[in-house]
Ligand code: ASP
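Only one chain is given next, in structure tokens, and it is the form predicted alone.
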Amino acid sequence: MAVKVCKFGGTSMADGNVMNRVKSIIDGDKDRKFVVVSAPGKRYSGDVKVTDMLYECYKEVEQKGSCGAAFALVRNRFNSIVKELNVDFDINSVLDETEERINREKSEDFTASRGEYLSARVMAEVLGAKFVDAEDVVFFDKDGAYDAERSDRAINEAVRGAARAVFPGFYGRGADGRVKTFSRGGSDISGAIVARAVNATTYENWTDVSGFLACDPRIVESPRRIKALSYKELRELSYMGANVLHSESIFPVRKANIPIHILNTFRPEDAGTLILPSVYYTPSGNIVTGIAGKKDFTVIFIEKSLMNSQIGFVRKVLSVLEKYDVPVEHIPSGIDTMSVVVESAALKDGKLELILQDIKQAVCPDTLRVTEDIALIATVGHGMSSSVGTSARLFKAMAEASVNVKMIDQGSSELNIIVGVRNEDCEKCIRAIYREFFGG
């Protein structure tokens, strides 16, 4: 029997009128049995997301002991939503209970999670579905990692016998018994968790766009829609800035080979984009699937004669980064050189100077140089490994656009080519690569 899990993002929960659209979508397919929702997003430019309102509530609790003033905005928003839905639901009792618990818990994670909780309470009422609190079925272990086995059992127990069920996304329960959230955008992960637990045939992720595009439409006008891509391609593009789907949301469904379907709440008739496991994925024939870029990286360049013959050289450098809790993004290297690429934001508060001092002491480099304000551009596609001259075409396009390459890194799978350019050249570089491989 086909079972679809549907996750609806913040724009799909923004107001009562849009939530009625969501109801129509769910009612339109009997296989859409389980729904995961985000907190209400922006209704218009300049509006405030409910999650941001809730972070203000937490600040007020910290400063004053209660959040009456800040929570009033949340209260007004949900009263407005229920009024627009014209549903017989005592939302004020739920809001009273929520405000009281925020004041009592004094927890940032708990407070931030209430947007999803309230959205799910309302949507369950609209659909006549069972409400399942993520706090009762999504668990983290003592190390803060998602506990898949325990969560799968709890989710299946919770939905047994239910024709439909609605879950709030973004949070679960930590080993200490308190609410713990995923990172922002984590409702995508919650949807994948439910899909895996119930062995869904499809995980539908409903957003405000009609699928993945070959690059950012703010950079290239009307870029081509990607009809289908693999989990690996999604991971590369999401990490490098393609923000349609949280990059970690593929992990729960990948193990179960569950396809993800990106769809548009506001244009449900559009075909969207399928994200497929390798057992179902057939390359489209295009050399490049997509292009994505991310700004504000720092490159630490290290040169040392006979580096390649010094056992433990790379380990010593990386141990310095580990000491200061700085994650490493890429490590391009040569015989006597290596570069360490990190996000600039991870080097604040004087960390960079301390790291450079420790690297000097650890490996005594001949040259130690830092380049800041670097953007990384990833050109991604399974077709690249079997197409002769892909790199030549890419660098020719960049040269013709007068974009200087600061760094080159290609994965061993030949799924991507990553180039580092100046921040100011990021958009120009993406446009040049797009023209080369997609035309226009």
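One-based numbering along the sequence shown. Everything numeric here is computed off the predicted structure, so don't read it as measured data.
The next section is about a form of this same protein that is not shown, the form predicted in complex with ligand ASP.
Here is the short version: of V380, I26, I377, A39, the single residue with a heavy atom within 4.5 Å of ligand ASP in the model of the complex is A39. R184 is the sole member of R315, R104, K142, R184 with a non-hydrogen atom lying within 4.5 angstroms of ligand ASP in the model of the complex. Contact check for E204: no non-hydrogen atom falls within 4.5 Å of ligand ASP in the model of the complex. When ligand ASP is considered in the model of the complex, E116 lines it closely, a heavy atom lying within 4.5 Å. The closest non-hydrogen atom of T51 lies within 4.5 Å of ligand ASP in the model of the complex. Taking the partner from elsewhere, F170 is found to have a heavy atom lying within 4.5 Å of ligand ASP in the model of the complex. From the list 158-166, 186-194, 83-91, 261-269, the contact stretch for ligand ASP in the model of the complex under a 4.5 Å heavy atom rule is 186-194.
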